[in-house]
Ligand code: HEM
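Just the one chain here, the form predicted alone, laid out as structure tokens.
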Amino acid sequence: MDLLLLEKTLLGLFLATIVAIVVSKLRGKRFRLPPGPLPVPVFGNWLQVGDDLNHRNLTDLAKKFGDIFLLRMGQRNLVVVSSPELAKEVLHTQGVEFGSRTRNVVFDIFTGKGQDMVFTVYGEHWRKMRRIMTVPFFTNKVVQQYRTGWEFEAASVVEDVKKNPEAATNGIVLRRRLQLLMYNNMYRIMFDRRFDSEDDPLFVKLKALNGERSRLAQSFEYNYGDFIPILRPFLRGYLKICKEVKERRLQLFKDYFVDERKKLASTKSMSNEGLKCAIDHILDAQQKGEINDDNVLYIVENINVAAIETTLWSIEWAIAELVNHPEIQRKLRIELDTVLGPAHQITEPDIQNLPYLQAVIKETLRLRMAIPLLVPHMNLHDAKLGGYDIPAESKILVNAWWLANNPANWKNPEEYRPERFLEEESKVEANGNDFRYLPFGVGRRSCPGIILALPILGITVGRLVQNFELLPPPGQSKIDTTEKGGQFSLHILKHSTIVAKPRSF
């Protein structure tokens, strides 16, 4: 059977080679394509550039080929944009033309082929999903409704760390407790639920399934089968695991959270006054026939990944940078003590009066952008960009990390220096008012979660710095901040052990 599969694969590769050569010649006459490395039949540039298309590797290619370049990854066209002007074209000026999303064999599984909001194509379904999700998740009203809950969760982290004798001596992996904080922050909004501890069996199960989903989706291991469809039979085992994880996750969401809210809703009026949390609004839309049962579950899937993980990564990066830059940590603590006073724990309204804290958050998002390539875009039809022809259904990556770390546009960008956002870059905000700095994207497909992420970051980082001196473990001068990149994510490779010495007030 394996020999038969090999014979079919080789025959398919031969035929694909012929087709690729013919198509390449035809397209070469018709299109003025962006520059890039010379592709070979079937494989394109895959054998040259490899699977690991992270922000740093793509930056190196941009330095060689320019602010816009093309990679042929098997049968896929990948266009990489690396200048503020071209980013503006993709995200704003031609936001409709480049407003769709590419999917791949793994994301097709985890999103039901685009039944969610984040990865669906630009069109009526996306507009409907965005509208349905905005009111219960992404408004100032939601921030004001839930901010006291976020403050409670941050206070609980402080209390738990103080109770742990290891924290002040040998150190603890603070991320584990911060992960519980982020789940509680978002599950309060979604389901009016929280988990009591890291050992909660449901939390442990949920965290494990979400972690496996993230590992499978962000891995580069499956790219060869995604780039070259004839090789997909070799992905059967991988895709089978993805389907199993997807089914178990959605079943868990349904059994333990969605159905529980349905039961509760059946005992009360589903008027706007009676709606208590986000899933009530989502289920109300489902009852009206605007979305189906699967859409409900894929909304929950999006929030579990897009809202919880990315904000957690940013908190972890911020703490790591403050540990490795004690002078910046001291300046932030002085600001908190001076503006708020030692007896007042930071709350959401306080953030606007703490410019250095805001600068620390901005600088963390600049240097350690959680989604450095943003979520990929796609043009459904042939388009023009930067004077070049972009074939239909090309994957468009905006290298937002390089926009924010290019020394041609930023002073000493490799340096972690929050002061830049109080001095030469004082007018730059995280909302995309400057196309050199797009941690949440901008335009139609920007991340609406910015309205939640910034206050949660401010409250959490602020409370930790107020209450602890954050240090590397004994015998170390710094903690390891080696990066771990995924399909378009960026987080710390090793979850750091951090010493948290309580402050006396």
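Residues carry their position along the shown sequence, with the first being 1. This one's a predicted model, so the numbers in the text were calculated from it and none came from an experiment.
What follows is about the form predicted in complex with protoporphyrin IX containing FE, which we do not show.
This chain is displayed without protoporphyrin IX containing FE, yet in the predicted complex the stretch 441 to 449 from 40 to 48, 53 to 61, 441 to 449, 467 to 475 comes within 4.5 Å of it by heavy atoms. Taking the partner from the other structure, protoporphyrin IX containing FE in the predicted complex has no heavy atom within 4.5 Å of any heavy atom of N399. Within 4.5 Å of any heavy atom of protoporphyrin IX containing FE in the predicted complex lies no heavy atom of R72. Proximity of V375 to protoporphyrin IX containing FE in the predicted complex: non-hydrogen atoms within 4.5 Å are present. Using a 4.5 angstroms threshold between heavy atoms, V118 counts as touching protoporphyrin IX containing FE in the predicted complex.
In the predicted complex, every residue of the candidate spot (A307, S314 and A453) has a heavy atom lying within 4.5 Å of protoporphyrin IX containing FE. Of the residues R130, K276, K331, K384, just one reaches protoporphyrin IX containing FE in the predicted complex with a heavy atom at 4.5 Å or closer; this is R130. In summary, among the residues L365, V157, L354, I346, the only one with a non-hydrogen atom within 4.5 Å of protoporphyrin IX containing FE in the predicted complex is L365. Residues from 317 to 342 do not approach protoporphyrin IX containing FE in the predicted complex: none has a non-hydrogen atom within 4.5 Å of it.
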